[in-house]
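Single chain ahead, written as structure tokens, the form predicted alone.
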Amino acid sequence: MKSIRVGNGCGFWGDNLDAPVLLAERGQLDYLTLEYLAELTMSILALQKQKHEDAGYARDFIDVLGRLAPLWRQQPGLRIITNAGGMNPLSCARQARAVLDAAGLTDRKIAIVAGDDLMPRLDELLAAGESLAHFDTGQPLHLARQEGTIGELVSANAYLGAAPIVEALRLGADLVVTGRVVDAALTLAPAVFELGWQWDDWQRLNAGVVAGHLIECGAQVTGGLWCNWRQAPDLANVGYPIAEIEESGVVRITKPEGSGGAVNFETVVEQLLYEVGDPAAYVTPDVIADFTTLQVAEVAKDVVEIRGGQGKPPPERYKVSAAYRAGFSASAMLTIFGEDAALKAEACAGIIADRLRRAGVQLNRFHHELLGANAVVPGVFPLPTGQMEVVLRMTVFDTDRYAVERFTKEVAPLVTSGPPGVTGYTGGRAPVREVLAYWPSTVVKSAVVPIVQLLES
């Protein structure tokens, strides 16, 4: 029976830079996927593109591609699929072309998947009756803009499915660079393309989504974040995941032989339920997957097999992730040492708040927490007593940049005008960051036209 091996060497922008190279070197792969995007990432990329028209993609991918080039020369049958294109897949593809040409891989074809960016057509869509209503509140986007309850929109992207990636592979692409697609599509697409699956074969599409979801977060399925992490040997050299997908829809999750970490029932099931609202209805643009009917079993050391599972037809709408300008924020930390450290830290936060009020600054939000005094899970465990040191972390938000900047200027004075034992201030004033807020929504599929094209050499 025909099968393919798909390995994912990146779970987010900022993941281990060595992982893709080691996976390609040891994984005996047909496809290497690299998953870079999250809602926050898209907002960051949108701001970068506003500052420079050629920016807006995950730049780490270009460095990784340069390191992969020698291996790719030795493995001409390997194909790479990545969503590193982010807000600007064309610029990302052009940079990739330059890297491959410099490495002598001029024969590798690059395809671009775009069309997810709704910003150029946003007013047109709203005028045509698309409400792009907030997923939780139901407020239509146009009303929020008219009422001024949200700031300037900086991004709006539909989550495309696997079909345009399949089309790119049919065009002969060796490297596919996408904008926003659902994470599992990076794995589902090569399964559909190579194994001849049909778009109404809900059981097999379900299997492809399961495979994609299991490997999309990289080492989370191979021992990272495992509840019994002490039993995962050599996490410093953790192996990144491989999905072996059979034509029948049977999926096996494993990792390169000799790598660190672990693949077992627990690591797989933990990842299966990661970021899942309803395990019986995991919604993607290609199929609504049902994880509750799966059969999961360890069949060998570091090999877990997944069978069964049912799927249902997908919804008629794409998920949309939008972001708008919401204000400004800053965070600062101080280490407080000595007797009654927690009490002194609370006093420091109060002194800053009092001085801001005296200066006429009333921040929209002022949050402080004491790291080392149950700040992560307040109220869950008894408060510790007698700490000789805590870290005071303060975060503020306001729509007025000046108010946030004034806060950053009130932290250092505590060194000489607050309680004794204040330290950790030598890094300079905290930077003021622009805050982008999230607007989740949906859009009818017929209003979105995916764009697939080969990049000219």
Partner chain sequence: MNDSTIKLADIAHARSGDKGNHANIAVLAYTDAGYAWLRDNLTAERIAEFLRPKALPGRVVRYVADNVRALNFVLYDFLDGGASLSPNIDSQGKALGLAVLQMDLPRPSNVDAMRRPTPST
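Predicted model, so just to flag it, every value in this text is computed and none were measured. Positions refer to the first chain, counted from 1.
Quick note: we don't show the form predicted together with its partner chain, though the next part is all about it.
Of the listed positions (Leu273, Ala128, Ala102, Ala236), a single one reaches within 4.5 angstroms of its partner chain by any non-hydrogen atom in the model of the complex, namely Leu273. Residue in contact with its partner chain in the model of the complex (any heavy atom within 4.5 Å), chosen from Gly224, Gly115, Pro256, Gly249: Gly224.
Using a 4.5 Å heavy atom cutoff, Pro279, Glu369 and Phe397 all lie near its partner chain in the model of the complex.
Segments offered: 342-350, 373-381, 197-205, 89-97. Contacting its partner chain in the model of the complex at heavy atom distances within 4.5 Å is 373-381. Using a 4.5 angstroms threshold between heavy atoms, Gln139 stays clear of its partner chain in the model of the complex. Interface membership of Arg433, defined by any non-hydrogen atom within 4.5 Å of its partner chain in the model of the complex, is confirmed.
For the chain shown alone, Thr106 is not a contact residue for its partner chain in the model of the complex, no non-hydrogen atom being within 4.5 angstroms.
Contact annotation: Phe291 falls within 4.5 Å of its partner chain in the model of the complex, judged by heavy atom distances.
Of the residues in 295-313, only Val296 comes within 4.5 Å of its partner chain in the model of the complex through at least one heavy atom.
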